[in-house]
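Just one chain follows, in the form predicted on its own, and it is written as structure tokens.
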Amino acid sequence: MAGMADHLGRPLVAVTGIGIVTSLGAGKAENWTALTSGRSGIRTISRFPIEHLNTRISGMVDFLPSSSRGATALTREMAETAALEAIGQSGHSESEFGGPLFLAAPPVELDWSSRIALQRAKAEGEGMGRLLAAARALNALDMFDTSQFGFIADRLADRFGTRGLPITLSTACASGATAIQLGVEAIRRGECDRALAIGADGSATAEALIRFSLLSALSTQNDAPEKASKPFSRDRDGFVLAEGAAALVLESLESATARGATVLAVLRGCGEHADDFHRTRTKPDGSPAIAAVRAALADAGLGEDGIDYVNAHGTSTPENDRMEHLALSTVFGERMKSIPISSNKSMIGHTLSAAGAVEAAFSVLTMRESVLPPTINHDNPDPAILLDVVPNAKRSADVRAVLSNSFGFGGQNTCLVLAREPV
């Protein structure tokens, strides 16, 4: 159908539904209102003891019933909540979705309730033998289920009637964007006319907090939690661990148009580039991030002048913000100084596996509402980072295309180009 294919002759991919859960609330309306008003969801941690911890703040989703039941249960509930909203908006069936599911989720660990139950179980032997004997004695199917990496996706597939084997992936902080990319590619290949892409992460646990602290990655500005995340500022000192989820219903533009669906945006391009420089640090010259941005633009068929706004990865760590600035200024040159850029993480923190999906959903709303969310706490700009950061208050703007960046630990880099219209 004329106008339904991209510059390479592939089916154009539309977004027909989005759903969001963050520390700001459940639902895109509540999140968008809070985000554009500059409200922070970062608070002092109350879920577990924080005495003697260097970092005592987080952007936790404490208002859902599963928040006290462990990371797996919360990740599942957030994913389901976001998916329900997205599918409902798209107009597809909430029980017979009919397309594949791609879920970005955190690595699986036994929740503490399960560990304690195993410790208390009566079993003979030592080491792994005793552990297996204790597990057999408990005969706890729920414990087994929640220790499986694909468990959440399996349950979501049952709930929504998705097609085929659900895919669960974990590519660090790029996971949410990678899930979207897989959905886009499946539609482009003609394997399906719709796909459900979800990023969800409820793993703001004590262990995660301590591990990231040992890497010196977290902010320790505990006294004013809402001011701790300050991307691109001179006094930034680390990211704020957070939880959240977002779901996007992706659909061929031809299918969406044929059934009269509202097209919220078009997923024009995806770019990825891996980096083997270090397990956690980014490559100092920014070359993998540069390659990912350029790949996304090429995939979208856009030049450097085709982007009106950047939804930054913007973690608020000294190294990552510096690298992102280097990458963007290399690709866009002097124009980068005048392309507005925001970091949603200044208000919601870093939602890890969910971040790429959450920020893609916010990018869709940015285009539809013609409003740029602010980067709050931007009172002391880093003089070495010359960017048009939208500081502290929202800004009205006509946005036709957005670049959404996700640069993850271990060199996982994925960038998305979203457009308001097909061309």
Partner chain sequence: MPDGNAPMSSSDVVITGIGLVSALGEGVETHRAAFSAPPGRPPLEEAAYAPYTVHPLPAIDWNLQIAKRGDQRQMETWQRLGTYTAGLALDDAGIKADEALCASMDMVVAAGGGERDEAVDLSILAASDGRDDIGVLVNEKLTTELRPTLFLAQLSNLLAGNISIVHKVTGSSRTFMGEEGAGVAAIETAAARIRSGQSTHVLVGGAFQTEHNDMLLGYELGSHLHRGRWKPVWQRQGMEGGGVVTGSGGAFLVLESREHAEKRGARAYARLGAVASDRLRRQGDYAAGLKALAGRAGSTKLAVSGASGAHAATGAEKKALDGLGCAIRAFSTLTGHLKEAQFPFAVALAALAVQDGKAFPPLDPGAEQALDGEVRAVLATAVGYHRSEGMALVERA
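Numbering follows the first chain given and starts at 1. Please read these numbers as outputs of a predicted model, since none were measured by experiment.
The next section is about a form of this same protein that is not shown, the form predicted together with the partner chain.
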| query | finding |
| --- | --- |
| Residue (of 220, 147, 287, 257) lying close to the partner chain in the predicted complex, criterion heavy atoms within 4.5 Å | 147 |
| Proximity to the partner chain in the predicted complex, single hit among 308, 226, 109, 193 (heavy atom within 4.5 Å) | 109 |
| Stretch in contact, per heavy atom within 4.5 angstroms of the partner chain in the predicted complex, of 79-87, 337-345, 258-266, 206-214 | 206-214 |
| Touches the partner chain in the predicted complex: residue 135 (any heavy atom, 4.5 Å) | yes |
| 4.5 Å heavy atom contact, residue 237 to the partner chain in the predicted complex | no |
| 4.5 angstroms heavy atom contact with the partner chain in the predicted complex for residue 332 | no |
| Residue 93: touches the partner chain in the predicted complex, heavy atom cutoff 4.5 angstroms | no |
| Output flag, 116, 128 and 166 jointly within 4.5 Å of the partner chain in the predicted complex, heavy atom basis | yes |
| Residues within 4.5 Å of the partner chain in the predicted complex, restricted to 165-185 and counted by heavy atom | 165, 166, 167, 168, 169, 170, 171, 172, 178, 181, 182, 185 |
